[in-house]
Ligand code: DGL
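One chain comes next, on its own, written as structure tokens: the form predicted on its own.
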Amino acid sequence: MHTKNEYIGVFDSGLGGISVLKELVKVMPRERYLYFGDSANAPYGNRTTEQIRALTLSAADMLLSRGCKALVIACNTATAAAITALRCAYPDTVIVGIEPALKVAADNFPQGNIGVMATALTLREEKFHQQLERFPGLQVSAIRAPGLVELVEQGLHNTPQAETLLEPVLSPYRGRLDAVVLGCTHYPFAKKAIGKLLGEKTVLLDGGAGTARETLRRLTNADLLYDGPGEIQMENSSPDPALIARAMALLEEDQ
């Protein structure tokens, strides 16, 4: 049995899931959070589905052994690869996985031209294609941005280097898209560069707020909401001490 004062475990392949942690803290500021980034094995987008599933299940085992009442998979790639296996392994635990914000895009632009920026694995997984089938009116362009995850991990997402990386990727879409779904939790940290290159006409959407609301709903239904003073604990699989400091800086950063 889980108790109210246990952690909400938040997992990502690295630092990107802090964009989701921000949203969780907004709606549940009194909860205790244990964030685990697997930067030692990042980026996940270059790995096979089987590798990502194994890494995600291993992280989930660790987090739940530490006393987590819920698990938020704050990584689109890990959700696509492992969410079904996680729910089978832990049927009595609240498990929420982030997904690309296609529904938000469809609600706002039902016949729109939508870009989805995501890792190659997220875009090829069956889960993503099942989502697309729910919104047949959307004209969807899949946009890959190799190297952007690594720039966020290095704290270089608001630099000219990010614009240089993204310019050839995004310039063909400038002024052509109603919205772009940021389908990787690292990408919201590069919103300034992405928005500048796409132009003001294009709305940027991500699934962080929806994931936080779903976690709140699930914990409320399970009577597991905590009314404590609030706590955030950061951990990472990489031995680099700079990553924890970078994680805390991202948590405080305005997006």
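All values reported here derive from a predicted model rather than from experimental measurement. Residue indices: 1-based, along the sequence shown.
The same protein has a further form, the form predicted together with this ligand, not shown here; the description that follows concerns it.
- The shortest heavy atom separation between residue 149 and this ligand in the model of the complex is within 4.5 Å.
- Using a 4.5 Å cutoff between non-hydrogen atoms, residue 189 does not count as a contact of this ligand in the model of the complex.
- In the model of the complex, at least one heavy atom of residue 75 sits within 4.5 Å of a heavy atom of this ligand.
- Within this chain, residue 115 is remote from the site of this ligand in the model of the complex, having no heavy atom within 4.5 Å.
- In plain terms, the part of the chain that comes close to this ligand in the model of the complex, with a heavy atom within 4.5 Å, is 38 to 46 out of 57 to 65, 206 to 214, 38 to 46, 223 to 231.
- Residues of 168 to 191 lying near this ligand in the model of the complex, listed in sequence order, are 183, 184, 185, 186, the criterion being any heavy atom within 4.5 Å.
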